[in-house]
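Look below for two forms of one protein chain, each set out as structure tokens: first structure 1, then structure 2.
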Structure 1
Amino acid sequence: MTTRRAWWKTVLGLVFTGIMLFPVYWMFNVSLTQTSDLRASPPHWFPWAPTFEGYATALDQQLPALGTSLLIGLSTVVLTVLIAAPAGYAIALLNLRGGKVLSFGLIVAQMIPAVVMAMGFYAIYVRLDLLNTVGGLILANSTVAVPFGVLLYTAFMSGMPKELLQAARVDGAGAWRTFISVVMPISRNSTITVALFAFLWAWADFIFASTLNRSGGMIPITLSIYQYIGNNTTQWNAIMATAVVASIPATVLLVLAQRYVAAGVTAGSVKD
């Protein structure tokens, strides 16, 4: 009975995995399909006559946009960690007055729809002359990642052994030195988790990009893909090829950081 139950669980897991991964396969299939075969009925389930014209177009035209997305993603990571780590430290370990209220406010902030935030940013950026700038996008994306980062750091740092902090104080370390020399090295997994999620949010952002940087000289890849969509012609193989190329950095990061993310997300969930 146990073996049969495990066998059915495996089959069910494979079925659900196949359903979830089918859009990824179809994206790859269309990226290799010739333009003349894109509207074939029934559709081609396999690229029998594969072409790399979509990838050639993507690599020829989309590299600047990929570079812009990489710049925005990495800058968002830096800004998020610089703000979230000290904030989480203050809430968790420095007995910050109003810390619980602040934590509740951060939870509420994550519930605000991105469209509403984009409209608010647009009204502010018009006055500050930040529309159509990379810096404006970095700041906007950071506002999405920072609340998550603060809450994650707070959860982890709250579970740190108090003996370590007391030992640092005995050795003469102040709050800032304790944060730099003791707390942050121990928070490696949480930092990697926050950095990864911040990068993925910035890398996949479309709402902020289309609202705040539609006419900018440097646009991210999510907005640049729209160049292939016209009123009369849509280059689907180029769109899907660009999507495949844009998925590579996120996939590589997820694979490399998987074990750190698993440890970082559950950090602070159990206290001794």
Structure 2
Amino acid sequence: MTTRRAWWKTVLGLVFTGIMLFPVYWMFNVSLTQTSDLRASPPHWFPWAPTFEGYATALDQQLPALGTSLLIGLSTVVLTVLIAAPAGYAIALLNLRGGKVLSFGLIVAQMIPAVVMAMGFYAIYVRLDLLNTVGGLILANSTVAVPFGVLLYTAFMSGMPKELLQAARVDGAGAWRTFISVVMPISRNSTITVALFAFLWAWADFIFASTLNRSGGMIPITLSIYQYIGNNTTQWNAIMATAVVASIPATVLLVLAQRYVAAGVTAGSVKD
């Protein structure tokens, strides 16, 4: 009886997932539709005669933007980990004075709207001539991930067995040595989680790109799609093809790294 009931749930689960993912399917479907069929009424529910013209156009025009996004994403990851990991170590394991206040500050920092940050950065970048630069965009993007990273590292590291650190100290390792050869290797899953989110947020960023990099030579994919929609509303198959390509990192990470995310999350939670 239980198995029958379980299969019934599976069917229901498939239906729910189907409904939930319908927009994703639709994006995929439209991306394969021929331009002449885009305005067909009713729309084609399935791409019976798939075409890759949308993808050809997309790749032809969007490759540089994809490269820029990749560069921004990876740089944001590096910057975030370099700042967040030592800070987490200081708060969680070195008993930094004022660590609690700092953590609260970081929680509040996460609540600050990106629009506000964008305006502040704009005002600063205008003077420093950092508008429309990739470096400026990387810095701005990292502000989303750094507070998250510090809080995550702090949470994970405060759950580390203290005996391990004492053992390192007995062996004569200083704070730096302990950090590099004991704490960081154990925190590997946290690093993966932080890196994952830093990358995804930077990759998906639209607000900073559309404010700080509006007329730059190197624009990220999100801004490129947005400008594409503005200029070229008829070629929705190409727009959706670009959207599919822009979703690849998310999909890859969902498939490959989901286990690591789950591992990082649960590792952080079993600490009592």
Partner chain sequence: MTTLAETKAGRGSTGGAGSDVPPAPPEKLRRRRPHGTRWAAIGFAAPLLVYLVLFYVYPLWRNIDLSIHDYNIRAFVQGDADFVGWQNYVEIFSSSIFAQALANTAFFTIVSIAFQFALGLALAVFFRNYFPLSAPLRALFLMPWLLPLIVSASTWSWMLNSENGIVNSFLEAFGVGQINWLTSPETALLSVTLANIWLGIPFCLVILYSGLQNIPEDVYEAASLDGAGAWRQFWSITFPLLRPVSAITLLLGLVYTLKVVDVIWVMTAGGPGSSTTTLAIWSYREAFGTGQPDFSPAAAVGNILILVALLFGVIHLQLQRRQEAR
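For clarity, a rigid core is taken as the largest C-alpha set superposing within 1.5 Å between two forms. Sequence positions of structure 1, starting at 1, serve as the residue numbers. Given the structure is predicted, the values throughout are model-derived calculations rather than measurements.
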property: Panel number for the form predicted in complex with the partner chain; result: 2
property: Rigid core superposed: P64 CA moves 2 Å or more between structure 1 and structure 2; result: no
property: Threshold 2 Å Cα movement between structure 1 and structure 2 at P50, rigid core reference; result: yes
property: Exceeds or equals 2 Å, Cα of Y25 between structure 1 and structure 2, core fit; result: no
property: C-alpha positional change at V15 between structure 1 and structure 2 - rigid core reference, Å; result: 3.6
